[in-house]
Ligand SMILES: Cc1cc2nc3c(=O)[nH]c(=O)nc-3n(C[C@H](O)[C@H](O)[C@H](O)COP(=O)(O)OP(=O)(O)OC[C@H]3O[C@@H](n4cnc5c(N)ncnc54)[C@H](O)[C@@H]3O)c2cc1C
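Next up is one chain by itself, shown in structure tokens, the form predicted alone.
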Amino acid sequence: MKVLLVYAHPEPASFNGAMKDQIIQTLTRTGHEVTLSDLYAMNWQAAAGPDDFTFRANREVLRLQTEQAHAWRTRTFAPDLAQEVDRLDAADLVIFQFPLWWWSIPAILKGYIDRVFAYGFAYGQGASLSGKKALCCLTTGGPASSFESDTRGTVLHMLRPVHAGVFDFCKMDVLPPFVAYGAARLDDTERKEVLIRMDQYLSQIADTPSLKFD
């Protein structure tokens, strides 16, 4: 498979960075082709707006969906955005690697979704993402027990806006997430065990059943 790895952590030496490296190593070893989009290293512009387009359908009023669809038809996205749209279009599997912050994804990754998952390309008439696989790999600050509460909800509850609201909405096949709980509290041995578990998970990724949404 062609894999697009979208990595969203500001520190390369973090455990998220180690997980990113493990993803690349495992998938390359098992015959997949991996393209990395390191959002912080790219100084990714998170806010969608008029600068996303080199040629506007309507220069008087910005209607984002209209301009996104026009840019996809005419290939007039701004260069940074065009690169990521092309990468996503070419991928069979997209992986988001990130820390869970405030029960959600980092702002820079949300901005990636806002800009790259464009109307007309990712969803709507003529959309191109149907049938692609999507996976979230993430770390949490708290231990697994912190995500068993009926009040706060599980990681699956927290990821529903991405799983159902983005991936499934775009008719992608959503794979079960890989979660490293309490990453900051793990010692070196425990971190190695997580990476081994990740290697095992990713080695079978082509045959992993997808989640189902109502």
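Here the structure is a predicted model, which is why all the values come from computation and not from measurement. All residue numbers are counted from 1 along the displayed sequence.
Here the subject shifts to the form predicted in complex with the named molecule, a form of this protein not shown in this document.
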Legend entry - Option from 134 to 142, 74 to 82, 88 to 96, 119 to 127 whose residues, in the predicted bound form, bring a heavy atom within 4.5 Å of the named molecule: 134 to 142
Legend entry - Contacting member of Met198, Ala18, Ile205, Ile24, with respect to the named molecule in the predicted bound form [4.5 Å, heavy atom]: Ala18
Legend entry - Listed residue (Ala183, Val162, Met172, Ala69) with a non-hydrogen atom within 4.5 angstroms of the named molecule in the predicted bound form: Ala183
Inset, instruction - Flag Leu100 as yes or no: does it have a non-hydrogen atom within 4.5 angstroms of any non-hydrogen atom of the named molecule in the predicted bound form? - result: yes
Inset, instruction - Please check if Phe147 has a heavy atom lying within 4.5 Å of any heavy atom of the named molecule in the predicted bound form. - result: yes
Inset, instruction - State yes or no: in the predicted bound form, is some non-hydrogen atom of Asp51 no more than 4.5 angstroms from a non-hydrogen atom of the named molecule? - result: no
